[in-house]
Structure formats: C-alpha cells, structure tokens
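Two forms of a single protein chain come next, each set out by itself as structure tokens; they are called structure 1 and structure 2.
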Structure 1
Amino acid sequence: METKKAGLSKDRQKKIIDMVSGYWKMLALAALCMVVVAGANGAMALLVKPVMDDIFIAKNKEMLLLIPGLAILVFFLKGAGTYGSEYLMNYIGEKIIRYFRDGLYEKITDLPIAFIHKEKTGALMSRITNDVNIVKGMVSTAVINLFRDFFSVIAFLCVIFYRDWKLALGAFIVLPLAFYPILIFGRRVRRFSTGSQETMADLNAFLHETFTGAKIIKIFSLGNFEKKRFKEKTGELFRLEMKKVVAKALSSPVMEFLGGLGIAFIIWFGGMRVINGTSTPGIFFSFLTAVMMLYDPVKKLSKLNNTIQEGVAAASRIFDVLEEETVIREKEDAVVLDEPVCDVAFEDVRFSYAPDEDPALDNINFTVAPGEVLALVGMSGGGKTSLVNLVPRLYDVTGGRVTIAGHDVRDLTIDSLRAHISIVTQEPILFNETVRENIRYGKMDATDREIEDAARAAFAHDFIQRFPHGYDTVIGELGSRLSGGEKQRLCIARALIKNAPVLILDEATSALDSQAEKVVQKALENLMKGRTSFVIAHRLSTIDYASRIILLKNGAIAEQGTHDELMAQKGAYYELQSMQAAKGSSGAETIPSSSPAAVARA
C-alpha cells in the first residue's frame, strides 16, 4: 500500500514549495505566533513549581497575587498566538485551495473533450472539491502542527531538564516505550483510510451516475439491482471504516497504558528524590506537568506523517490532471481566421478514437462550398457525428487534413476557428441559467432584442413566453417539463444568434414532431443561405433541399450525389429511403411540443 502511493516528484515538490514560499512574510509571522504558543505552554508547566512550593508550602502572600496574574498573561499570550497562527496558516491554505481549484477548472475546461469523456465526471469533480481540501489540510494543518507542536515539545523538554535532569534522564529511558506503538497504529490507520477514501470516491461516482440516470433505472426496473450494488459498496466502506476505528480506538488506550508505566516510574523515582530531600514537591509536579503536556504535541506530530501522506496522494492526483498533455494544442504561429464565408474540405481524412482502435472514419474526401448544404446520412454509428466533430477540432484527425477557407484547421487559433462555426449538437445541452442566458451563450454581447429574434426564428418564442418567468425562467426550474423538442429549439436559437459562416446541425430537429420540424426547417433553410452547412438528418425527408448527400457507412463514404442521383443508383440511399417511406414519416413526438398540451403535461 505504502509503495503504491506515488510520492511527489522533485518537480512537483518544488511547485508546492514555491507556492507556499510566496507567502514567506505570513509564514514568518505565523511561526512567531507558534513560538509564543510553545513558550506559553512551557511557562504553564514552569508555573506549577511556585504554586506548589511558594504558595502551598511556604504560604507566600506576594506570590499568591503574582502567580495568578502571570497565569492570566500566559493564557492570553497562548490564545493570541493560537488565533494568529490558525488565521495565517489557514489564509495561506485557502489561497492554495483556490489556486488549485481555478487551475484545475481551467485545465479541465481546456482539455480536449476526449479527456472528459474518458474520466468519470464524479472523479473529476472530486479532484476540484475533495482532493484540493486534502492538500489544504497538508499545507495548513501539517505546517501548524509541525511548527507549533515541535516548538512545544522543545519547550516542554527544556522545562523537564531544567527542573530535574536526573529524573529526566531516567524517564527518557522508559518513555520511548510509549511512543513506539504510535508509529505502528499510525501506519494501520493510514492504510485503512486510503482504502476508505478510494471506496468513497467510487461511491460518489456511483451516486452521480445513478441519480442522473434515475429515469432509466426506474424504467428498466433496475432499482433493486442498483440498491444491491450500493449496499455492497457501503458494506465495503463499513468494513474499512471499522478496521480504522479499531486501530484508532486501540491506539489511545494502549498508548495511555504504556504512558502510565512511564508516569509510575516518574512517581517512584521522583517521589524518592522528594522524600530524601534532593527535590521539592514543586519541582516534582512541575516536571510531571511538563511530561503530561508533552503527550499531546507528540501524538499530533506522530499523526503528521499521516496528513502529509494523504496530502501527497491528493496532490499527485491533482498534478496528474494539471499536467495532462493537451493533445489539441495551438501552434505558436497560429493564424487568426477572419473570413465572412468559408469553404470546408476534408482531404484523405482518417480518424480513430484510440490508436489501437479501428478507424471511425477512413478515406474521407469532399469539399463544401459557401452556400452549399451537405447532408450526411447513414445508419447510426456510421461516423456522422465523428466527422463533423473534426471541423471545430473537438478531435484532431489521425491522418489527412480538414481545411477551412483553405487553412488546415490545426494552423488556426482555436478561438478564431470555433468563432466561425455554429453547432447544434445531437444531445440538446442547456445550462442551469435563464433561458435568455442560454441563448446568449451563442453571442455573449447579444441584446435582449437579438435574443428574442433568434428565439422567434427557432420557433421557440411562443413556448418560452408560457414559462413562469418567460425568458428569465431558469432552466432548472422547468425540470423535466422541458421536452426534447423544446430543448432542441433553444439550442437552435443559440446557434442562430451566433451567426457563423459554418453551420453544423447534428440531428438538430430529431426530437421535433414532423409538423414542428417543417416549420423549424424553413427557419434553418433561411439561415443556411450563403453559409457552409453540414446537416445530419435522421429523417431523409428533411434533407431533400441539400445540394449534396453523402452516405456514410462504417466510417467510409459509401455513396455521394444529389437526392435524384442517389435514388437513381438504387443503392444504400435508395434502400434507406424506401425503408423510411414504408414506416411512414414517424414523428419523434406525438404531441406537437408547441401546443398547450405539451405545457400541460408538466
């Protein structure tokens, strides 16, 4: 287990140290506060002697006033020092949390879509929420403990040796016995807590998955199956937690008992010295107090390793993400694309999702001129979505090239390339903001007027107006009341407002019923005028206006031509047509989503 944990490389250590040392003034001040705390701790043990010898035994009245005053001062200093060090160290810790969070979010946002698909969403979220906290724990708690407890240990040792060095030497032969088990137990606890952390992360991912998939689980009656799986996971967690509890719960009593042996020795040896007059009761109790107070910082110091280990593991996970290679990178001398119209060409394009996988696309060649509408058809899994994803560089080609306005897309700045492309994806993705903001995502500086115009063009205005707060309704408020067709129309409005030269519609109207589709289709056709358009259609009847049709089959172009040409060929396209004609034009929704009935369903 220990060896499995990746330590931090020199490089990563240096990054953390650089980050922390940026706050050296605060660190120095915090260290000063910690010295004050340690000094106050030592002073408390020291004060026991005058209390005993001067007040109780000698009954000195002056001391009766002086000592309580000193006690107040010592406690005040300890309090002030504790506050100061906690505040400063947590300030630095929180700063570091924020630095890591922002860095992770930026990185994950910029990483290619493939990375996000590969990692579990829950795991990525846990990087930004949990792991970052653990690292903070390492930086603030560990540093606080390291310095404050270390200084305290020194202070107590000084008191112990100052009071009675002979007794001290005797005790230090016996006491280490009590400290050895700390190491053993610490190691066990650490091992189980790594296990339970991993199980916890797994549990999080599981929850995320099953809650987002709640509908499927209900429909497929997977409830009992999922409950059983969940119970297995909580069972495993229970087992690990209990092992941790046993190790933890045993460690204190065992240590205390062994410590008790040490104390017994001190009482025997120290008592003997008081009886034969070489020591006083004050010295003895002051000594004993310091020894007992030593226990707490030593225990904390022994746990420090644990905190640091956890922190190091979390930091490695964070750095793994931060250092993930961005495969889709911008060239140093990337060109800024700025063209009112663009043609798009695929030249010998080959593409596979993973190096060892069969290509999802192979030998793709075609050009789409401005004003042209290229329709992509074929059975699902044919590679249509994969093909259009290459244009905005959501993925990079494996072979050949994709050009836009004559430039290889990889030679352009990513921002300028994507500014020229508007896309309606297959899954209608909306964010939990207002309807207005969702449309505005297409053009951040759009006026409310422009937003409404876009919504009208996408035939979304009417249903938006029926929302509780119209355009200001937050998507989340609508819950599942928003139908697939409505979502698609909001996405279309968002794409329309972007007004980009290249337009990609990936089954953009598939969730609309035939009637609504015809209307939206008109709007889209207007929009496509003068642009370079890719239309992926699931109903062939909706693409008869396309200038050219490409039929993809297993990632290759099987047929290519106009509707009439392909029909005349009597090949795969013809078959697909006749298949759909036989089924009749099946609407994806039986209730027109713009009708009051659609709203009433909520």
Structure 2
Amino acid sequence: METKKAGLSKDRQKKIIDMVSGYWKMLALAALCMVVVAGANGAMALLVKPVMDDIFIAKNKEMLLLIPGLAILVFFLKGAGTYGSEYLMNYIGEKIIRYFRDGLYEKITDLPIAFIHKEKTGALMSRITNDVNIVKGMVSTAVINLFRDFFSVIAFLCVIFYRDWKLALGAFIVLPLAFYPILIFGRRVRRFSTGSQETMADLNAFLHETFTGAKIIKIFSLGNFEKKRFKEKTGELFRLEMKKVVAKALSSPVMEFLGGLGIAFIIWFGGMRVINGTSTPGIFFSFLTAVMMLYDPVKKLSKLNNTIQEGVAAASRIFDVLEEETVIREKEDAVVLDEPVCDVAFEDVRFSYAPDEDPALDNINFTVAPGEVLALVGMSGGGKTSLVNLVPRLYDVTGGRVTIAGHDVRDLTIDSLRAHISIVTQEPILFNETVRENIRYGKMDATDREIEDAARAAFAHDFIQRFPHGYDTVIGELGSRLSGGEKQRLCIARALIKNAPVLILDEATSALDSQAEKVVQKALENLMKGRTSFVIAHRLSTIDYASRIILLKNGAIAEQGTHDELMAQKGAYYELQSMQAAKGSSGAETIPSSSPAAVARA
C-alpha cells in the first residue's frame, strides 16, 4: 500500500467530524465546563483590581473578608470545570480510538490475503497501536485545549476591554504576530511526524521478523548484524524525532518573545496613564494580569497545533487502510452453498498476481470428482499453491472460472464457500490458546467429546494426555511448546472437526522427519476419507495413494495421470522421481526451485 500525502481530504475530515459530533451531548456538556473554566480565569483577572485598590490602597477590611471567599469559589469552579471537561473529552477520545482499532482489525481481516502478504505485519500492527493513540491525542486533548483556550481568550478580551479599551487596542498591535509561528512550525511538525510514524511502523515490522526468526539469527551468528540494523533504524527514528522536537521547542519561545514585546508596550503605555492620573494601579494591574493570562492560551495554541498536525498525519495513515479497496467481492445475489459432497472444476483458468506480470497459471482445465484425491506436483514456482488458493477465493481468477458443486465460486457467498473447505499447510498455524480451543477453531460449537474424537482420529490424543493439563494445556505462540509432528496433528484434528467436503493439503508433511511423517500420514489418510482432496507434495514418495497426479510446470499442466501411467511415459514426472530417488540415497529429497521469485509464489 503506497503511502499517500500526509493530510486529510475533505471526505476524511468530514468522517472525523461526524464521528466526534455523534457525541454532541457530551461535547455540549464539556463545552459548558470549559465556559466555567474560562469564566473563572476571567474572574481571577477581575479580582486583581479590588485586591490592589480596595485592600492594599484603600485598606477596606470588608473587602479583605469578601475577596478571599470569592477567590476560593473561583478556584473551586475552575477545578470542577477542568475535571468535567477532561473526563468527558477523554471518554469521547477513548470511544473513537476503540472505533478505529475495531475498524482497522475488521478491515485488515476482511481484505484479501494478497494485501496481508504485501504489507509488513509490524506496519499493520503500528496502525492499530501507535497511530490510533496519536489520533486520540488530537481528538481529546487537542479539542479540550481548543475550546478551553478559545473561551479563555474571549473571557480575557472582555476583561481587557472592560478595564481600558485604549490600552487594549495597543496590545493588539503585537498579538496577531504571535499566530504566525503556529502556521510555520505546524507544517514542519506534520511532515516530521509522518516520517517518524512510518519509521516506527518499519521498526515494528523489523522487531516482529527478528523475534520470530530468533532461532535462525542465533544459529547463523547474525546477532551483531541484526543489532547494527536495529541501531540504524532507531538512529533514523531519533533524527526525525529530534527534528520534530526542534520545531515544537522553537514555536513556544518565539511566541513568548513576541508576547514579551506586547507586555513591554503595555507596561510603558499603561504606566504613563497611571502616572498621568488617567488610570489607577488596580486597573493597570488587572489589565496587565488579563493580558499575561491571555498570551498563555495563545501560546498554547502552538503546541495544540502540533498535536493536531501529528493527529492529521496518523489519521491519514489509518484511512489509507480503512479505504483500501478489496478485489474479492461478494455478489449481492450470491448463492449459499449447501452440498454434502462437492466436485471442483477448473475451466480455462488463467491467473496473474498483477496485471503487468506474466501469468502464474495459464490454460488450466481439469475436474476433481467428489471423494477423489488429486496430487499436484512439480518444481517450486510451478503454480501449485497458486492453483489451490483459487478454490477458497483467496485470489480470483484472471480468466476462466473455478466451480465447486457446479457453481462458479464467484457466485457463492464467501462464508458458505469457505465453510466447505479445510486446509492443512506446511507451516502449522496455531494460536496461543489451549489444545481444546485450537481444535475447536474448526467448529466453534464442538463438544468436548467431538474434540476428543477428532484428536484420536488425528493420532493426537495420546500425546495430549501426557501434557500437565491435557486438553486445557496452553501451547504457546504458534504452538511453540510442541514438536513439528504434534503441531501438524493438531492442525489435522482441527480440519477433521470442521468436516468440510473439500480438503487442501499444502505440503503438509514436507517439514517433518520420516518418523513423524509416518504418524501424520496416517492421520491425513483418516482426514481424506470421502473428501475431495488436493494434495501438494514435494516428496513424491508421499502421494502413492493419489487417485490422479497433475504435474505443473511454469503455470501449465505438463502431465497428468496415475503414478504408473506417468512413470510409463518417462516424461517430466519420471525425471522428478528419478532425481528424488538419487537424492534420497544421499539424504536430500527436495525439488530444486525454478527461481527465487517462483518459490515465493509456489
């Protein structure tokens, strides 16, 4: 997904505004609290005159009792208003952050597998964790300060003009200059914030990859190399963050200096009026207090703008995901598939991963009958995995069609289509839950007895019973506490309990040693009974049971038939068998890849 220009279009701005305005009652109450805070700030400036003129100059004892009481009331109201506004706006911010997180997760989950493969896992995680927190700061903190400072400015302006309108006009000569740094530094903050957010996403992706591949890093003694790469990334992040710090740090001093010019003018001009007898010390100090308090919220607007610019950059990255178009769409009149047995047919299928790429599959025509076991073989990059991915619509064909039970898969509801398909992959995918919950993933309403029966059929029950807590044992991230064979048998139990009529086995035993492979192979035989099965295999010795074998080469069907028929032809399949037999005697059984790029697509 390409990074778009940091900023929010009018449509995106409207979405955020509509989202926030959905809480208008809370916003109105929060605004009322902020008005109370602003009124209290203005009252504090007003109290300076009676303190100065009535208490210190006139020495009025009644005012000595009244003014402190009023001061206590003012500070109480300010505290209550501050609490109310903080609570209400943070509630709104937390609700919006939850909306974004839920929306991002739902969107990423619904997007095609191609999107997941294209994006870095860490970058997607950064959207959900880091970016939404920045948006929360914009929505809650920035809005609180915006309203509070706006109302405070209004209150102080009222005090200023009430006390001395001539002096107030002089103060406004400098005040507009204080807003200029807000615009200049705000643009820089947004630019550097976008860069740091992208770098943070890249850092998250790096961490995910290195933690996942910790074993390889240690075995290949690449710890120092990865440490160096990490330091380079943190160095880039440090550089961008410091540029952002400079832009933020400069904005406040510049505004303070410009504000200081205004204060100096007021002291000179106001002092002249007091000396000339046209004003009193109380009026002057009340006016000066209001002006100094006025410059404070204006100065805060600079920091507020920085927060908004960071939020805009983060919101833009979030909307880039939320607005990502999906190419796997369900028709409005899609049919619900409800067949106990299914045949699968490929009719003139052509498939490319991108419009400008050569086809990964071309002119594919065959039918797999209900209950038939079809083996797909060939060198890596031949198109085996690409082919089976078209059945559950992980990708859509570029040309031709794939049918299941006579229906074009694109005419079916996606949920009903995938409910009829189970898969066991080369790399077992398990979750950091109990054994029971991992098996139940195939059928969420399965009973404990059904789970145990599926485990027995997958030859998993015995080793599960040896765990300290049996079926309630937590297996660790990606099943890290299990051996390869144990993990694969749990995946088979999960596929068994789903009881789908179509089964895809994508090199389900290629990563296992020979002893584990024998046990898993028995479990797979139980799994394939009565099911329309696609079996992708690198080791040809594991597909003797297949009803039919198709050899794919460069995305096309090169040969097909039974094992004996293909061996009799002495073609490509015969050569692969001979190659593996020779390599098997030397302990190597893997088929060479046609190209590095092809391996990624196989």
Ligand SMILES: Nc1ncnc2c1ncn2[C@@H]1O[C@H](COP(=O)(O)OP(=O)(O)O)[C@@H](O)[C@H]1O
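Sequence positions of structure 1, starting at 1, serve as the residue numbers. Note that the rigid core is defined as the largest set of C-alphas that superpose within 1.5 Å between two forms. Owing to the predicted nature of the structure, the values given are computational and were not obtained by experimental measurement.
- In this pair, structure 2 matches the form predicted alone, whereas the other structure does not.
- Relative to the superposed core, F156 undergoes a Cα shift of 2 Å or more between structures 1 and 2.
- Positional change of A568 between structures 1 and 2 stays under 2 Å at the C-alpha, relative to the superposed core.
- With the core superposed, I57 shows a C-alpha displacement of at least 2 Å between structures 1 and 2.
- Overlaying the rigid core between structures 1 and 2 leaves the Cα of K233 displaced by 2.3 angstrom.
- For N276, the displacement of the CA atom between structures 1 and 2, after superposition on the rigid core, amounts to 5.1 Å.
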